[in-house]
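Here's a solo chain for you in structure tokens, the form predicted alone.
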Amino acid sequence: MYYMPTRLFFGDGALEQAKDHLIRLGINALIVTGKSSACLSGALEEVQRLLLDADIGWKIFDRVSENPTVDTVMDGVTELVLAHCDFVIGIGGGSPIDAAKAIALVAANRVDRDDIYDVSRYTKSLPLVAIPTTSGTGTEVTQYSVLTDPKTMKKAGFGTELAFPRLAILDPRYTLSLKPLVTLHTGVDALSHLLEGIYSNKRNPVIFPLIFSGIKAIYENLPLVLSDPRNLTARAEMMRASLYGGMTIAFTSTTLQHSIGYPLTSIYGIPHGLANGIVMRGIMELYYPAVKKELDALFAALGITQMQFYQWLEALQLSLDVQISEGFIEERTPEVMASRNMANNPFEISEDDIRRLYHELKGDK
């Protein structure tokens, strides 16, 4: 079974195509964004113009930072209630859209801060529109929201079918303003999602065509958008790959590939996509015996060897500029083991496996 209730619009002019559906969602929108991407991309201006023409009010909540916190979500809920908003529009990368998902759920169910991760509390959601301005998370078509709790410094996600956006509007033009480093990190994040669709014990050949096509698109187009950021054709391919990655993990969820990266982000501030990328080879080598047939089929489809894939990955120059401490490894390894993603690994992972991967990042042999 594959389930995705999100109505999807993709391509140049996607917002205009979605207009008739969007304007029926409510009469007053909370627009959730980060500090700048929604403006720089042009998406916010186009959304405001559409709402104005439809006589729909809005309130902008633009305080979402990278790696949104549960406190930011609660602040957004307060803004929504005070402004009498009845639907939510998330514009930006994964952080604003994940925050928008949580705001829509918490507001509809009047959930307290400390219960945000308890999906049993959610029985409904306010209508949600997701408009990505990056090509990475695929969160516009998933049922997951990933948040950080400042009290525990723990980054974790939760999932419920109610978190699926009502509409996903993907226009590659909105990614033309991305900085090269953000393009790189989000592209690697999308690659991670697609690979985890192969690794996950929930993998299914039904979605392999999406996975293989998405990985091929990244393999061919990520270097292009890094060298020529205004290449709209390549940007469209990256956005399609990101979409396929979201559709993949909506079915398979993620694995150790994500779990091991979350503490690197919450403790050291390493961007999420980079955290995935720096362990990508180590994870692939760990998993390879269990998914050899599938990975060999992938490399054959790409027309390369596994070693050539590693060389391509190395050429992206993903680097770690912090020194991981021994204390971090000992403290965070149990946290990784306890994360919900670990249930999806292709075989049982040990604490020693996790320690070894962290030590490899330190340069230890």
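What you see is a predicted model; the values in this text were computed from it and never measured. In case it trips you up, residue 1 is the first one in the sequence shown, and so on.
Quick note: we don't show the form predicted together with a small molecule, though the next part is all about it.
S.K.: Heavy atom to heavy atom, is G93 within 4.5 Å of the small molecule in the predicted complex?
M.R.: Contact with the small molecule, yes.
S.K.: Classify Y144 as contacting or not contacting the small molecule in the predicted complex by the rule of any non-hydrogen atom within 4.5 angstroms, answering yes or no.
M.R.: It does: once the small molecule is placed as it appears in the predicted complex, Y144 has a heavy atom within 4.5 Å of it.
S.K.: Considering non-hydrogen atoms and a 4.5 Å limit, does the small molecule approach E66 in the predicted complex?
M.R.: Looking in the predicted complex, residue contacts with the small molecule include E66, since a heavy atom lies within 4.5 Å.
S.K.: Do T160 and the small molecule come within 4.5 Å of each other in the predicted complex, heavy atoms counted?
M.R.: T160: no, not in contact with the small molecule in the predicted complex.
S.K.: Among 197-205, 184-192, 115-123, 221-229, which stretch sits within 4.5 Å of the small molecule in the predicted complex, heavy atoms only?
M.R.: Looking at the partner contacts, the answer comes out as 184-192.
S.K.: Between A168, L264, M247, L178, only one gets a heavy atom within 4.5 angstroms of the small molecule in the predicted complex; which residue is that?
M.R.: Contact with the small molecule in the predicted complex is made by L178 alone.
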